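Only one chain is included here, represented as structure tokens and corresponding to the form predicted alone.
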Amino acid sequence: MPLSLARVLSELSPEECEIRFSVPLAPFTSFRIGGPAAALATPRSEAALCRLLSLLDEAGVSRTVLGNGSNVLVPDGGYAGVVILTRGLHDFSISEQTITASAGAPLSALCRAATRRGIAGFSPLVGIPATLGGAIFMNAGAGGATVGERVLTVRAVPAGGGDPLVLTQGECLFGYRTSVFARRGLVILGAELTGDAADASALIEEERRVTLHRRATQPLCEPSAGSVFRRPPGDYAGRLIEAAGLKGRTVGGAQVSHLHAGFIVNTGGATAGDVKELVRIVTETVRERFGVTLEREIEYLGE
């Protein structure tokens, strides 16, 4: 642990931010893979998160923000900077059709609460294992719906620091699995979202159908990072991978799921190296068989 890093982080009180050093990251990712971070910081408020970002950027310390860790592969050697967990910023509230939430609010809990208040547009998103900030960052979606469609405004810190900004939906530049936050490195603090008034019982039934479908078609009981690849134009990555005969293909502890070929699962003891090699095999095989180059959706931390 560099002394300079300890000095930088000592500027924050325990009341502002929990700080731990040399912490294995595997327990903080849905893949259950990854070596230690030099430091793990969990801010207890949006103000503390802003202060932490300012301190780290002024000192030139590398940092990355982690929500639920559900779309990331952490290197076996870990991360030589500060990993900022937003899970401590989990508050949200609902007033009429408007939801106000912090970045670390669990998306599923938020969607279930909206559904039970009769707010339409959130039922298809139930079950996405992300925090709100992570979901907005990549414009997560399911069942033809996306988080970005529900956004009114987003509060964020500019890359390089400065006062927080408030961006409207149009300024967020949402696209398929991307946003202005992904393109420009803005750190999300929170957001306001909205939906139309609807019958709560009908929305709850839709939520039930979505949940049952996910359980039947996705390997939810095995560690994974969700869909590994983006959807290619006019097709599906999972269909191409299955058609290439790659279901069940294994490298070390990493395996192309037997249930859904678009997922790579950790069958036990998988390393980041195992996953990367399997991603390489899948990408090359699909390109050779079908002339389609799959684009990776999951993030390799540190790249």
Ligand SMILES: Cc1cc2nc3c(=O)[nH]c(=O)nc-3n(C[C@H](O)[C@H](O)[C@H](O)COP(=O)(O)OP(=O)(O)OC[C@H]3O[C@@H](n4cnc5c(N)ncnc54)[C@H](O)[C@@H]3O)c2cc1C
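Keep in mind that this is a model prediction, so the values were computed, not measured. All residue numbers refer to positions in the sequence shown, first residue = 1.
Keep in mind the form predicted in complex with the named molecule is missing from the figure; the text below concerns it.
Chemist: Using a 4.5 Å cut on heavy atoms, which of 114, 101, 138, 203 is close to the named molecule in the model of the complex?
Modeler: Comparing distances to the named molecule in the model of the complex, the residue within 4.5 Å is 138.
Chemist: Identify which of 151, 72, 119, 82 has a heavy atom within 4.5 Å of the named molecule in the model of the complex; exactly one of them does.
Modeler: Of 151, 72, 119, 82, the residue with a heavy atom within 4.5 Å of the named molecule in the model of the complex is 72.
Chemist: Which one, 128-136, 90-98, 164-172, 191-199, holds residues whose non-hydrogen atoms are within 4.5 Å of the named molecule in the model of the complex?
Modeler: Comparing against the named molecule in the model of the complex, the contact stretch is 128-136.
Chemist: Taking the named molecule as it sits in the model of the complex, is residue 232 near enough to touch it, meaning that at least one heavy atom pair lies within 4.5 angstroms?
Modeler: No.
Chemist: So in the model of the complex, does residue 220 come within 4.5 Å of the named molecule, heavy atom to heavy atom?
Modeler: Result yes; residue 220 sits at the interface with the named molecule in the model of the complex.
Chemist: Is there a non-hydrogen atom of residue 255 within 4.5 angstroms of a non-hydrogen atom of the named molecule in the model of the complex?
Modeler: No.
Chemist: Are any of the heavy atoms in residue 275 no more than 4.5 Å from a heavy atom of the named molecule in the model of the complex?
Modeler: Residue 275 lies outside the contact set for the named molecule.
Chemist: What are the residues of 174-199, in order along the chain, with a heavy atom within 4.5 Å of the named molecule in the model of the complex?
Modeler: Counting only heavy atoms within 4.5 Å of the named molecule in the model of the complex, the contacting residues of 174-199 are 177, 186, 187, 188.
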